[in-house]
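Quick setup: one chain, the form predicted on its own, written in structure tokens, and binding and motion questions come after.
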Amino acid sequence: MKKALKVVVTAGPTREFIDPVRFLSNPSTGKMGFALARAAAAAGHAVALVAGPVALKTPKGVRRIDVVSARDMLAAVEREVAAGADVLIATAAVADWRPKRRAAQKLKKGEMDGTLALVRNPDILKTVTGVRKIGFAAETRNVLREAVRKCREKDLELIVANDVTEKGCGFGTDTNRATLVRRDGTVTRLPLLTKLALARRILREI
């Protein structure tokens, strides 16, 4: 019988607020991460789903932790890993940058000079240690090269890469065409699959 694992999944975007009504974000809907959480729970694993702002129903048997910013997500992941997680599957499209200062009140047009000072957000996969790590790479060019680099630099067991400009792939779709890049450098190119079918394939890999 296969061992049940404690799996932490991150999903969706993060929001980095400029003022109370404006933020930096991206088009991620969380569908891939929620599919992974659903598949992992169905396979008998204990799943903690750390979700950015998305409009998706929590899969059956999954414990959900809602977050907003990249730093919120990192803190939640670190808590789950410290509590004894076996695997971290990071599908979330985390904002790389946040405003250097968040205004307490809505900024009027005349209050900005057209520039916005930014600071880099922490890289969750680079920061978190002590757990097996699976990453995702949503790219628009040099997909394989970028996946290999990220797998090495972030000390990942596996990275799932895809070209978000391809038809039927990327943000908001119910399907994806992925390339699996492993720590040992071996590569598997998968056909167009539903995100749930891809999730099950990734779990078999783990």
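All residue numbers refer to positions in the sequence shown, first residue = 1. Everything numeric in this text was worked out from a predicted model, so none of it was measured.
The next section is about a form of this same protein that is not shown, the form predicted in complex with cytidine-5'-triphosphate.
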property: Asp163: touches cytidine-5'-triphosphate in the model of the complex, heavy atom cutoff 4.5 angstroms; result: no
property: Touches cytidine-5'-triphosphate in the model of the complex: Lys154 (any heavy atom, 4.5 Å); result: yes
property: Ala138: touches cytidine-5'-triphosphate in the model of the complex, heavy atom cutoff 4.5 angstroms; result: yes
property: Any non-hydrogen atom of Arg64 within 4.5 angstroms of cytidine-5'-triphosphate in the model of the complex; result: no
property: In the model of the complex: members of 114-135 within 4.5 Å of cytidine-5'-triphosphate, any heavy atom; result: Pro122, Asp123, Ile124, Leu125, Gly135
